[in-house]
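So this first bit is one chain, no partners, the form predicted alone, shown in structure tokens.
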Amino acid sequence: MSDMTDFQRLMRARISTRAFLDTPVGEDEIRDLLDTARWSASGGNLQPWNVHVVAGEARQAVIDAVRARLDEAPFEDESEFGAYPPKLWEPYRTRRFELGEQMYDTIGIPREDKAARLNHLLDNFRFFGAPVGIFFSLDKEMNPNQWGHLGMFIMSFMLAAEDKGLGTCAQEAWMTRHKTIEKTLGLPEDQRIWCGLALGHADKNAKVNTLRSERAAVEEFAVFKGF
């Protein structure tokens, strides 16, 4: 571990932070992170990303709007596609299941406590207490290539935040209420929210932030030829 580069340490340090302090993060800090992330790779230099940053009353307005919609239609799904394929197959099904079990074990919620598990899931729609929420969107006419470019931009942003000592959690859960969010933020019709992201200072004393998900070894996903 001692011979690792700073970047390697940064990659291994980043986690999905699910408990934040209420310590504010300034606009200038966020602008600086975006100024770094904008150099992310982009096919054809389209730079298809749009970023919507909310704090204070704007953040609360989104939380309130989504919560009201959840109360009205708790099982509604506004997304055109799910966060995961239906009937997830192996090894992906097991990876997802094991992560969920590890998380609930970490925070001490047993399988039979359905209410507590649901309440934890609903914390997504409160940005896990983070003082800043960020939504990423792109033109709805873009194809899967540009969605991939947006994903690279988001990862660049998260690494830039980690480098500055800030925690992040990319949240696909928000896509299930993207129409409500787009209306609340006043987005034009041609824009589509992909996901949200919680940004702030991680609560180091929260058990959930001790969780580090496992990753498959290189041998499990890479094939080398001609070496």
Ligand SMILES: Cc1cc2nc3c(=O)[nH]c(=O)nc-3n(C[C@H](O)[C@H](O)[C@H](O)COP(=O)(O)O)c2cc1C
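Keep in mind that this is a model prediction, so the values were computed, not measured. All residue numbers refer to positions in the sequence shown, first residue = 1.
The protein also exists as the form predicted together with the named molecule; that form is not presented, and the subsequent description refers to it.
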Quick one: is W194 in contact with the named molecule in the predicted bound form, heavy atoms, 4.5 Å cut-off? yes
With the partner left out of view, is L99 within 4.5 angstroms of the named molecule in the predicted bound form by any non-hydrogen atom? yes
Proximity of L10 to the named molecule in the predicted bound form, heavy atoms at 4.5 Å: no
I'd like to know if L34 sits close to the named molecule in the predicted bound form, meaning any non-hydrogen atom pair within 4.5 angstroms. no
Let me know the one among I63, A170, L70, L187 whose heavy atoms come within 4.5 Å of the named molecule in the predicted bound form, would you? A170
Out of the stretches listed (198-206, 172-180, 24-32, 42-50), which one is close to the named molecule in the predicted bound form, meaning heavy atoms within 4.5 Å? 172-180
At 4.5 Å, heavy atom to heavy atom, what parts of 16-31 sit next to the named molecule in the predicted bound form? List them in sequence order, or say none. S16, R18
